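Only one chain is given next, in structure tokens, and it is the form predicted alone.
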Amino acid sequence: MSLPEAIQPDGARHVRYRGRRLVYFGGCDYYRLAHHPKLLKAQTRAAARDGLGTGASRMTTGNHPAHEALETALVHFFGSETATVVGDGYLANIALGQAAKGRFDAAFIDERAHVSLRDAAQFIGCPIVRYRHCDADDLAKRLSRRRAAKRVLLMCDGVFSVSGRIAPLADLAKRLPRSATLWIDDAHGAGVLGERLRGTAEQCGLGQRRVIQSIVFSKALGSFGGAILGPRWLRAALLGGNPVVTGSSSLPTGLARATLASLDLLRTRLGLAKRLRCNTAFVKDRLLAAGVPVGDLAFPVFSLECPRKKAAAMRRRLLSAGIYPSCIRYPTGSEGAFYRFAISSEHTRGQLEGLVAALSGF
């Protein structure tokens, strides 16, 4: 399988593709913070001072004050007991799986969980049981067959990136023993969902449930890297010889400083989240009225499956409307090809109207 054709970003809302400047609804940069001057300035200053990378893991000479400042900011923003920064979101899940080894008797994972969660499950060292996608009743049925398991772990995406579907965490949690731990891959929910933008657990009202969140900085936060939010035992396990933390170079300080800047923006500029929610409602309400399946109304992502005969027509229609055709096929997934659209806080009303017009009645 070859790589998709390269595209060149052109500002926060456009890309250059085959000589044309097209409106971009791809990716996951929900606030377009990757282009924000405050993040770019923070990254540039830190890189000029500290260099492009630390050249070492955090457990040797690669621990920097920027990493510790970011962890403190993450704890305050998300209300977690601890936060541990790692170099990449995929690695965050692998490190978490390694840290959880021997701590659970059975783990239950959504059948459509992200590949990083599925890979991380291999390290946990207990039976791994798949349940039907977002099906709390099926989870309960499979739990009933594992009554001997006293230490139960649920592994689930907070938001499923292909469809934009929010996991029914409250319903799933009701089926679990009260002592169970919920591990939420909140790559997409963190910074977008919840009154304080703390993610899917807040959106679903999990309250004092035992929750671990793995998050990434490349979605709502517009930067790069990952972090694990959870209890003290988890941080102790991560710092006590974890292969990922010990064996990989630490996050470049420029990216840590940029992520600090993005957290500050989300905390102080409430208009960002308000605009994102307004833009999402505008597009999804109108498409739903036009009979277009847009999935969960609360999240700014939806996908449209396109059989081969319709895919080419969809592509022509989008290009005619000046919109980049984000047709995706994941090599590791079971989905066929689909067009995925991500609404941002920074799309203009005219751009949103153009998307609605291009998709209505198709």
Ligand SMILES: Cc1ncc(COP(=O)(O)O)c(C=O)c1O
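Bear in mind that the values here come from a model prediction, so they are computed numbers and not experimental data. Numbers follow the displayed sequence, beginning with 1.
Absent from the display: the form predicted together with the named molecule. The rest refers to it.
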- Per-stretch contact check against the named molecule in the predicted complex, the hit in 72-80, 251-259, 201-209, 180-188 (non-hydrogen atom, 4.5 angstroms): 180-188
- Task: Check whether Leu172 has any heavy atom within 4.5 Å of a heavy atom of the named molecule in the predicted complex, and answer yes or no.
- Result: no
- Answer yes if any heavy atom of Ala107 is within 4.5 Å of a heavy atom of the named molecule in the predicted complex; otherwise answer no. no
- Message: I'd like to check something about Gly164: if you look in the predicted complex, is any of its heavy atoms closer than or equal to 4.5 Å to a heavy atom of the named molecule?
- Response: no
- Message: If we define contact as a non-hydrogen atom of the residue within 4.5 angstroms of the partner, is Leu153 a contact of the named molecule in the predicted complex?
- Response: no
- Identify which of Gly230, Gly89, Gly222, Gly97 has a heavy atom within 4.5 Å of the named molecule in the predicted complex; exactly one of them does. Gly89
- Query: Looking at Val216, Leu234, Val283, Val85, which has any heavy atom no more than 4.5 Å from the named molecule in the predicted complex?
  - Reply: Val216
- Give, in sequence order, every residue of 100-128 that has a heavy atom within 4.5 Å of the named molecule in the predicted complex, or say none if there are no such residues. His114, Ser116
